[in-house]
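There is one chain below, alone, in structure tokens, taken in the form predicted on its own.
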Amino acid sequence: MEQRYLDSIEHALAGALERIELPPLLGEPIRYALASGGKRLRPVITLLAAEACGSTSADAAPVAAAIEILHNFTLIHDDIMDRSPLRRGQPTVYQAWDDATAILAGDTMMGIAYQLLSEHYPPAVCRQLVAECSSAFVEVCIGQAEDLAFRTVPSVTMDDYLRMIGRKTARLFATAAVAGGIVAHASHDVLTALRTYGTALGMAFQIRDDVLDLFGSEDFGKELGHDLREGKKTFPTLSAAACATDPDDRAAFAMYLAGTPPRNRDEIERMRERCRRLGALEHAESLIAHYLSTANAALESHLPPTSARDRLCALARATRNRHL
């Protein structure tokens, strides 16, 4: 990804924090969260979508920064709920400070993000952006609530899971793409295509994330097998459970889906091996390829060929190629 996009995002983020005088007890955890090494994928999508629709990355930088701030707000709160010790290889905000500070930091970040929109866009555009972001966050919260509730529901299906990640993860990808189009005053059909692109890309991204959590390398930046320890219904476990025919496999997955996660490293390794043997990796790769094909087809059918459109398509390829 060209450095100019990342520089534009960092400049907008720095400007947003400089304009608000925060005490250290909030400013420090917020800066820590925003400087923790994320790839800035969602705001880059916003900048590229704006350019692909005929606007400029400079016009879209404020909303791109707002989306990155909102995304990190959700991560801070997700980590508290999931009790995740690491994020991008570093202690999570609640670990580095405490739960209460992390909650307040996240709440403050939401306010900063919406202030960015009101300060930089005319009323009509601001209303569209606020409506899109607000709707997205209702969906994200519903998805997170479902993810938490699923841990104690033994009858979760793959369709349930796909609907959940469509809300929890893919919706913000879709909003990132649509926001760029809104800034560029794109037509309804183009906004629909951008939404299709972002949704499909987000679905592929989350499935890949689930696979990396279970089968990734240590440099993934998260505690491997954390989802298993938490008893989460993820793509590998649901895929493998649906394919299990051996009585031992079926019993193991029935216990897991009923709310009994692995208790130690050996049990985690046995579950990993079951998921691998039952084809969860191959199933994931096939579905990821389908979503990314859908994403690129939406762009190619509704947006003119430009370098920005090509870069959006390249992001899809990069998602597919995130290594185990």
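The structure displayed is predicted, hence computed values, not measured ones. Each residue number is its position in the shown sequence, starting from 1.
Missing here is the form predicted in complex with a further copy of the same chain; even so, the following discussion is about that form.
- Comparing 180 to 188, 230 to 238, 246 to 254, 101 to 109 against a further copy of the same chain in the predicted complex, the single stretch with non-hydrogen atoms within 4.5 angstroms of it is 101 to 109.
- At the 4.5 Å threshold, heavy atoms of Gln95 stay clear of a further copy of the same chain in the predicted complex, well away from it.
- Interface residue remark: Glu21 is counted as part of the site for a further copy of the same chain in the predicted complex, having a heavy atom within 4.5 Å.
- Shown alone here, Cys126 lies within 4.5 Å of a further copy of the same chain in the predicted complex, counting heavy atoms only.
- A residue is said to contact a partner when one of its heavy atoms sits within 4.5 Å of a partner heavy atom; Leu25 meets this definition for a further copy of the same chain in the predicted complex.
- Taken together, the three residues Leu162, Thr192 and Ala284 lack any non-hydrogen atom within 4.5 angstroms of a further copy of the same chain in the predicted complex.
- The partner is absent here, but in the predicted complex a heavy atom of Leu148, alone among Leu86, Leu148, Ala242, Val153, sits within 4.5 Å of a further copy of the same chain.
- Residues Tyr121, Pro122, Pro123, Ala124, Cys126, Arg127, Val130, Ala131, Ser134, Ser135, Phe137, Val138, Cys141, Ile142, Gln144, Ala145 are the members of 119 to 146 with a non-hydrogen atom no more than 4.5 angstroms from a further copy of the same chain in the predicted complex.
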